Each structure stands twice: as structure tokens, then as C-alpha cells.
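Take a look at this one chain, the form predicted on its own, written out in C-alpha cells.
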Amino acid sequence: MVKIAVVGCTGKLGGMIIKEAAARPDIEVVYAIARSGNRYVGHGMAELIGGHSDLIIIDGIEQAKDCDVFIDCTNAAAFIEHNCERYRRAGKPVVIATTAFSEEDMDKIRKMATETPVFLTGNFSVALHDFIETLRFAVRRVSNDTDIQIVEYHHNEKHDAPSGTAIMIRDALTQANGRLTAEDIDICSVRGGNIFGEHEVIFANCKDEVVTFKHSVSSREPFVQGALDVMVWIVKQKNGLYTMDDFCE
């Protein structure tokens, strides 16, 4: 059984990971961790997610002595400024469930990955990974007069725009077709209501043809189950930086 510590447990994703993990026979959540000063520190997770969880929320990564893996559900600033060095000292595998890292941030993550297994992705959905693989095939065949647009939709509480998934898609397209650069692919971000996530990629050429690919989800369930599967997988890996490409190969 893999023992996990959820950092950012009071957020929507962190709370759902803890709730869904209770149904998994291969996973045990042993620590629920929030930032110092969070009003729920010292309270039980049951107050947030219901059920019969007896986890008491703590505020120190250093206290998670006997977990097998951390999953960080905070945000890019909190991860880099407060958590990254703590994870490095802990020496445990880390799954990063946040996005919007700068290139300087990525250098720190790559350095950490030389000392412990680190998993980073903008989206834990296996179906989304397959969607991107389809796009990689399609973009290799587009004509030079084809314009490419990514439109992404998320709920109104999502702060980063474009989304980490949209950036993943754009990077995959440019890597698959060497004549394309990031400047060739526009990303339009829509924020509204409680949309969980939708990504649409439009190929429009000058011969009156438009081809559209779309991936959408109606709950966080695919992300949560994907994250749980990744945590079981990462504890068996050597030091290094891993993505969904490695997990799904």
C-alpha cells in the first residue's frame, strides 16, 4: 500500500483526492497538509469533505515522516517559494498538481528531480493524453496555409490563463511540427461559471476546410483518479522528471 501526503488539502482538488483515495485498496492517505495559518489547521478533514475521515490537518511538510509520496495541490508560487526546498530535504517522490511555472521555476524543479522522482503535468487525464497524441499526428499533416487556434474553457475561479493543459497542447503541436512556433498558435481563454474544463483545437486552412478536435470533462473525477494512479506509479521510479508521456508509454 502506498502512503501519500496531500499538500494543499483544503483546496478542491486536494480534498477530492483524499475523499476518493478512501475507496482505493492500494492507497492510504496518512497526512493532510495545509499552509501555516490556514484556519483549518488542527481540524479534521471530515469538516471539509464529509464522511468519516479521521485525518487531522497539519501545517508542516517536515512532519510527514513516514509517507511514500507527496502530492502538491497548492499553486506555483507556494510550491517554489515555500515547498520545493522542503520536498528536497524530505527526499520523497513528489507529484506536482499545479501549473503556471516560469522557466526559472522549471530549473528548480529539474534540479530537485536529480535527487528524487518528480512528476509534473498540466493534466492527469489519460484520455487527455490520448487526445494530445491524436493532435500530434494531425498537426504533422497540416498544410502551410493552415491556421491553428486553441480555445480553452474553465470555471470562473481558475486564476491562470492560459491553462497548463492549453500550454501542454501548444507545446505538443510545435514539437510534432518543426515549422511551427508558439507564436503561430493562438490560445483563447474563457472563464465562466463552473466549467470543469474543455479544450478545443481548430485547424482552419485557406481551402474552405476546418477540422476541430475537442476534449471536455464534466467533473474532476478523471483528474483525481489519474493523480492517484500516478502516485502509485512514481514511487517505483528512479530519480528524474516524469510526465504523462512516461506514465502512459
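Keep in mind it's a predicted model, so treat the numbers as computed, not measured. Residue indices: 1-based, along the sequence shown.
If you look for the form predicted together with a small molecule, you will not find it shown, but the lines that follow are about it.
Of the residues A64, L55, V69, A34, just one reaches the small molecule in the predicted bound form with a heavy atom at 4.5 Å or closer; this is A34. Using a 4.5 angstroms limit between non-hydrogen atoms, R141 is distant from the small molecule in the predicted bound form. Contact check for A5: no non-hydrogen atom falls within 4.5 Å of the small molecule in the predicted bound form. Interface membership of A78, defined by any non-hydrogen atom within 4.5 Å of the small molecule in the predicted bound form, is confirmed. Among heavy atoms of F131, none comes within 4.5 Å of the small molecule in the predicted bound form. Checking 116-124, 171-179, 144-152, 102-110 against the small molecule in the predicted bound form, the stretch whose residues place heavy atoms within 4.5 Å of it is 116-124.
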